[in-house]
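The chain below stands alone and is given as structure tokens, in the form predicted alone.
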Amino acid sequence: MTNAKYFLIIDLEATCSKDGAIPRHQMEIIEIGAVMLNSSTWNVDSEFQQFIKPIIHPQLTDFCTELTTIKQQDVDVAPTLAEVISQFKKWMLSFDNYTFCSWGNYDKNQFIQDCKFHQIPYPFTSTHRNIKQEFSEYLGVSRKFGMAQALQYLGMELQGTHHRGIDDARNIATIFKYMHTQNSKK
């Protein structure tokens, strides 16, 4: 299976628009939601959540606010990415032997893009697990499920608010736990 003691499951929310006003290469992280899933107990041992102040497009679009429920005042008073990454690294380093995981590659690529833009080091090793891909492989299908669709497929209810980083990270952890605990029963 794995020799990681923890799975660091991350879900990001970023600035966005429906009309192309914010191109993909100018999207910025506005929320980091993360959970440390213990690979022995399959329990979440700790959580991290922080809003981040965007620099390129500091004003959230109506679409972004409706999608994420993150309000302008949440990001206006939030620290910068550099400050948050510093706090985030302290939290991550309090756990040994973890593997960065997310639903798809979006979160990894967004981190790479934002770290480059803000000229801060990428905070992870090169190891990354794409749980979205692993879920399809688990089911033996080529179809790629959205996180909410995967929960629905498993007959589970989405907990919290969809497109909120911390809630989505918790839900992804639930799916990942299911995949691994069901596999051990087979």
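All values derive from a computational prediction rather than experimental measurement. One rule holds for the numbers: they count along the sequence shown, beginning at 1.
Only in words, not in the display: the form predicted together with a small molecule, which the text now covers.
- Residue-level contacts in the predicted complex: of W42, Y122, F117, F63, one residue has a heavy atom within 4.5 Å of the small molecule, and it is F63.
- This chain is displayed alone, yet in the predicted complex one of I131, L151, M36, M27 has a heavy atom within 4.5 Å of the small molecule; that residue is M27.
- Using a 4.5 Å cutoff between non-hydrogen atoms, T174 does not count as a contact of the small molecule in the predicted complex.
- Contact annotation: L67 falls within 4.5 Å of the small molecule in the predicted complex, judged by heavy atom distances.
- Residue contact with the small molecule in the predicted complex: Y106 places a heavy atom within 4.5 Å of it.
- Among heavy atoms of C16, some come within 4.5 Å of the small molecule in the predicted complex.
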